[in-house]
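Only one chain is included here, represented as structure tokens and corresponding to the form predicted on its own.
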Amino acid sequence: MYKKYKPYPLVHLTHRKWPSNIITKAPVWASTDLRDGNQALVEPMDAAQKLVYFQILVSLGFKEIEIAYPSASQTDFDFCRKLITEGHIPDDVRISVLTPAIERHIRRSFEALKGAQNIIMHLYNPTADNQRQIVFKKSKKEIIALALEGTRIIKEEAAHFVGEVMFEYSPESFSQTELAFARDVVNGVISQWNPSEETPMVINLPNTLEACTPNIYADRIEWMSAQMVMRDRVILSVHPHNDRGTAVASAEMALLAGAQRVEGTLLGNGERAGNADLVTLAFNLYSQGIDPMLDVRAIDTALETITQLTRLPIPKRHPYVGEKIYTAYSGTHQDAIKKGLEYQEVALDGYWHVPYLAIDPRDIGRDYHDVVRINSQSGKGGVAYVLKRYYAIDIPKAMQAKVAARVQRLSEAKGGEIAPEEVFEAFKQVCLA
């Protein structure tokens, strides 16, 4: 059965640069939670819920937020009007809407944004071979003409729009589009729009269906970046989906390859397997000593509300923000964490040294009491940590093995986790024996 699938084509870069690059600063973050994320929910949010979500995104520090697809839905259109007429949009935040390259949709989208001060008009049309032939039955020339006509209409509307208009274009199925054709479409659109260094445009290259390894996606981004006309007037953006489970890696490698902006959602919610998880991406930067330009300190409070709005739970082992992500049961892990936390108190060099913990849980308001939990897999290091942490008892090494053995038997009999007070009772029993 597997023979019916073709391997993804390679990009023939003779001197690729991205593998030697490093990420030194955060990209421009563009949230698509209220459009891409919302449309993937079983029960889409209503206007009141979307407003709460929008305010959370603003409080976290997002400056570009895609709010709706107003030409396709009266609900989305009304939400745009609500944000604008009720004054919910801060002066330093750009709102974005998505529109297909169809005249009535474009004009309706501008109507939805009337009165806004800073907008992004995001134009897209599919460009992949299978969509050209099967869905639209259009030639390459006709697809380019469609993109150029959409660009022309947006340029016409923008000329008399009261407010600042940034233009974004996506060859929507870039990940399945032949590179040479993607270049031709993109360069045609850039030339038609004619951006300046003072007023750049966005070219967004989506991994709409993630069908290749992240290194090949990075190759495609580097190739496109080198082939673009007016490159210094273009903000190169990526929108990775997660069909292969590697959207975060694809986004990071794309940044190495020249991308300057990343579209995604909090926790990766989105169509099918979802989008790039901007929470994980931000914390990945944070853990490398890079300012993520988002307020990650308040992430637990924000995500608590978001999970209520979307009805999507956070997996307990989700990177950085899962309930159990800083919890270790393994004896070897517990021993290393115990020693690391003790060393952290005396190191005083300003750096984080604790094994098995990518960041300090206290940075996001988590306490150390959840770091080491005791069950049948735990060892003497974990038991010693709990006694010291909760009861200020620093038991000698000779006693640690005896207490750990008693705790292990208790956990096996109980069939689950052992509370700190039960560890203390086991310690007392060893002392009395």
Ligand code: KIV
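Every value quoted in this text rests on a predicted model; they were computed, and no experiment measured them. Just count from 1 along the sequence shown to find any residue number.
Omitted from view is the form predicted together with this ligand, to which the following refers.
Taking Glu172, Asp335, Glu157, Asp219 one by one, only a single residue has any non-hydrogen atom within 4.5 Å of this ligand in the predicted bound form, and it is Glu172. In summary, among the residues Pro100, Pro206, Pro214, Pro292, the only one with a non-hydrogen atom within 4.5 Å of this ligand in the predicted bound form is Pro206. With respect to this ligand in the predicted bound form, the three residues Asp36, Tyr124 and His239 uniformly fall within 4.5 angstroms at the level of their nearest heavy atom. Only one listed stretch (225-233, 198-206, 358-366, 180-188) carries heavy atoms within 4.5 Å of this ligand in the predicted bound form, and that stretch is 198-206.
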